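Heads up, the chain below is alone and in the form predicted on its own; it's given as structure tokens.
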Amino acid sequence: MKRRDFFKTAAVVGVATVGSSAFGSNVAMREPIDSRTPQKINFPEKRPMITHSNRPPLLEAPRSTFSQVITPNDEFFVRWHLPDIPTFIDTDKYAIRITGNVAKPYELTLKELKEDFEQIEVTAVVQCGGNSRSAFVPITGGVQWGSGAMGCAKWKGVRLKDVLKRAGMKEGSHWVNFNGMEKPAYDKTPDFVRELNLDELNEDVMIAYQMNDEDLPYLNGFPTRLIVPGYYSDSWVKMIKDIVVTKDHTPLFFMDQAYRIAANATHGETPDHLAKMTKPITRMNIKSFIGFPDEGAEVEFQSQLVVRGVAFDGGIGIEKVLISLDNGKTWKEAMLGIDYGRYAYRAFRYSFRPNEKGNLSIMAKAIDHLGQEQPLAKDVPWDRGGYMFNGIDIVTIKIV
């Protein structure tokens, strides 16, 4: 299959939304912005989505997307780092180069990927490390996402371990670098290269070519992307072109400067006292999100209302989801849906009849198998990058 002139049909539908860093004395976290609406013009293979930028494409899913476990491909969020993205990929000529500290460097074609290795599938959430960044006050640098920079899909591909095994890693190998086909607009802009330690490569880390039983959508990394279940999406490199095995850590901008948090117990800091020691963000923390009803929805008095949403974490697993209708004074357990695996969304639902007219706030809180639970938004630690927000979600509706 060939994808020709992909972006010719993509109109200019937005501008980058990037917040400048603020350095005040006070930190006051808030609920992420939940008032944006999808653009009327859609990108190829996508329905209209909340658009933060058209070059590179930065597309966010609306709240209604998250009332189901599997995120449809045409509603799946899009996050690229660099603006120069190929508009044509000839899959007959496409190949991934596996080089570095290996005995047998080789080029892996798409046909070989599909035919020469054991095929595996995993259902897993991918979430931008800066999802919900608009909750951070003072504002941090980066795309001011609401909470829709995440999605859950069934991925099909090949274990990364098997691909590396064919190359024959030499003694002393410890790291693997991944580079995709996106390029910067200026020579001095760092290339988007990510790195994983070999110890991080479990049996679920894969090179995927399918998403929800279809070829990867172009904007989600066609023809291949790295899948690192449980990790934030910065490690999920798209349009893979190079995999390089190394003995030592490679100095990389997107490892050593970007996507890092404070290396302390809370991962927190303040604008006036930035942490001196930082570390890369890796595994996702626990989070839940209400997909229905929408913020500001009107619901009839004493009608049957079913709250629906999803919960997930970095692979520990969801024990339960609690719902509060009295601003957190009391909590009641929601019903959990089918378990699609420890890396997938876990759907929840909670049914009740509103017995008072007026505004009603619905709160959702997830708890994992280790007893870890979501904090209130005000208790989420601030960090300079606006990463890893997982505050309790709140939707306010009107009972009429």
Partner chain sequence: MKKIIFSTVLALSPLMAQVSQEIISPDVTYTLKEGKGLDSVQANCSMCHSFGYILNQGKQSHMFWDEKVHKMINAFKAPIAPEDIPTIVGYLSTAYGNGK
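Numbering follows the first chain given and starts at 1. Treat the numbers as computed from the prediction; the structure is a model and nothing was measured.
One more form of this protein, predicted in complex with the partner chain, exists but is not displayed; see below.
Worksheet item: So which of 92, 295, 248, 203 reaches within 4.5 angstroms of the partner chain in the predicted complex, heavy atom to heavy atom?
Response: Of 92, 295, 248, 203, the residue with a heavy atom within 4.5 Å of the partner chain in the predicted complex is 92.
Item to complete: Using heavy atoms only and a 4.5 Å cut-off, determine which of 375, 44, 341, 354 is in contact with the partner chain in the predicted complex.
Response: Exactly one residue meets the criterion: 44.
Discussion item. At 4.5 Å between heavy atoms, is residue 56 in contact with the partner chain in the predicted complex?
Written reply: Yes.
Worksheet item: Counting only non-hydrogen atoms and a 4.5 angstroms cut-off, does residue 330 reach the partner chain in the predicted complex?
Response: No, no contact at 4.5 Å.
Worksheet item: If you check in the predicted complex, is residue 121 within 4.5 Å of the partner chain, heavy atoms only?
Response: Contact with the partner chain, no.
Worksheet item: Should residue 110 be counted as a contact of the partner chain in the predicted complex, where contact means heavy atoms within 4.5 Å?
Response: Judged by the heavy-atom cut-off of 4.5 Å, residue 110 is in contact with the partner chain in the predicted complex.
Discussion item. Quick one: 83, 143 and 189 and the partner chain in the predicted complex, is every residue within 4.5 Å by at least one heavy atom?
Written reply: Checking in the predicted complex: 83, 143 and 189 are all within 4.5 Å of the partner chain.
Worksheet item: For the chain seen here without its partner, which of 299-307, 165-173, 213-221, 276-284 has a heavy atom within 4.5 Å of the partner chain in the predicted complex?
Response: Checking each option against the 4.5 Å cut-off leaves 213-221.
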